[in-house]
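Just one chain is shown here, as structure tokens, and it is the form predicted on its own.
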Amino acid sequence: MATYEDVINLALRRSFFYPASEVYNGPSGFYNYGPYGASVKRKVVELWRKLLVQKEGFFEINGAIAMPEEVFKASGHMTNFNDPVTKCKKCGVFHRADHLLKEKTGEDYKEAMNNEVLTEALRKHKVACPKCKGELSDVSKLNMMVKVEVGVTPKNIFLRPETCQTIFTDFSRMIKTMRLKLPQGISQVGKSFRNEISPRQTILRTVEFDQMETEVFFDSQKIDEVENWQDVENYKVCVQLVGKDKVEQISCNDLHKKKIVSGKLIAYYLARTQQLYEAYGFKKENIRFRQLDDEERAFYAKEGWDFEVKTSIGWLELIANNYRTDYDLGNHAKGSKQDMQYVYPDGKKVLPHVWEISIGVDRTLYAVLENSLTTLNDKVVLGLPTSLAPLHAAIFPLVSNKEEITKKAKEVQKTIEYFDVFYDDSGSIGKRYARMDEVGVPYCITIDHQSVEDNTVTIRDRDTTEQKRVNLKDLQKIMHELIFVGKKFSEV
């Protein structure tokens, strides 16, 4: 099994991701993505868009990242979006109190605990500043909003801490212009910003991060009316219930009948979300929806499930799934003095409730990399699902000093130019295979002397190292079947 250190080592060696502005020793909590990382990240988003957004008929918007203070007063972020911090009295560095306690004790201290409880715990366990061993102050709350200056406007402007607020503030416009009918999901993918006091573990906890967010608006009186319920009713969702030590696989039918969830709509979207992550390559035994208790749930949530995957550093949260009721639309209606109600054709008005699926893109990328990283014959192989591979194939002329071979290789490249391909004629063929295996490229196509004679090429499979010789005229069709149809290499 790959470790966190293995993933970071690969990420830095192959520039999947690395610290931003590193030549200037830039601020913590910001990361850049190189060519391979940017490609995999983009394909993580593309698969989400295909299997969740488009499949479920959600609207997708693209909202501004800077919003006025009034938005966040209405949403509650100006008063409730806080982290528990403590300051070293000696060196002046701020730390997250809950993080320090967890590192010291191994116990799961929650950020929602009140300041007095966390302060008492710091004293009890004799926690000191990890940088200079100085004494720590009492715990206080620090707001995580990131404020920005825009032009000469006197308005207070903040970078959004989550992508969902744009969706809520756009809801009334969607009703008027998009012929919206309940239930309706509205999605977007983009940047969010949180003033993390102690960014940690590279892309797992940063100041700037990407989210894939969906808010499903529905009539709370019709929570059990789900159009495609039959598609998931017998599908088993991996859940860990409050007070239980083990993960159980429970069908959507039973989640509903046993009142584990508030209604069919929620069970349905838990299933669809899990199916997306199975497509990302995760096995059921390594995933769970962990039910949140009253203390853990966000202040606006009636029901909450954290979707987590098992990694070398423990269970890692990738998705916040929350039943937000009508909290958001109700508060934005009051704050903006705009009507956020949905009106049925018969004139009945309802303020919709919301089911939220808030996915961390960067965390998902990390988990995908760790889940896919392995060794084969003592060589590093990134066994990404084909749909997430940074390139579909690499093209190798067996030797680069033979004009007829390089000419044929360029012809092959042109034949499959609509795929993501990479041309490489540097180094031995073994080293070229190893380089592509390490970054997750599923297929390598080699052109040799025989290719010039009979118009055939050799395709090599990353995961098995098996090779097959095929006719060049069939290559585009074979690539399509391997990449987009899901045909197995053994069936070529």
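Residues carry their position along the shown sequence, with the first being 1. Model, not experiment: these values are computed from the prediction.
Although it is not shown, the form predicted in complex with another copy of the chain is what the next lines describe.
- Per the 4.5 Å heavy atom criterion, another copy of the chain in the model of the complex is contacted by stretch 165 to 173, the sole one of 213 to 221, 165 to 173, 262 to 270, 120 to 128.
- For the options Arg179, Lys348, Lys258, Lys133, the residue carrying a heavy atom within 4.5 angstroms of another copy of the chain in the model of the complex is Arg179.
- Proximity to another copy of the chain in the model of the complex, defined as a heavy atom within 4.5 Å, holds among Gln291, Asn195, Thr311, Asn321 only for Asn195.
- Although the partner is absent here, Val150 is a contact residue: one of its heavy atoms lies within 4.5 angstroms of another copy of the chain in the model of the complex.
- For the chain shown alone, Val452 is not a contact residue for another copy of the chain in the model of the complex, no non-hydrogen atom being within 4.5 angstroms.
- Using a 4.5 angstroms threshold between heavy atoms, Asp461 stays clear of another copy of the chain in the model of the complex.
- When another copy of the chain is considered in the model of the complex, Glu225 lies well away from it, no heavy atom lying within 4.5 Å.
- Across the proposed site, Pro35, Glu70 and Asp425 without exception bring a heavy atom within 4.5 Å of another copy of the chain in the model of the complex.
- Contacts between stretch 46 to 85 and another copy of the chain, counted in the model of the complex as any heavy atom lying within 4.5 Å, involve Arg49, Lys50, Gln54, Lys55, Phe59, Glu60, Ile61, Asn62, Gly63, Ala64, Ile65, Ala66, Met67, Pro68, Glu70, Val71, Ala74, listed in sequence order.
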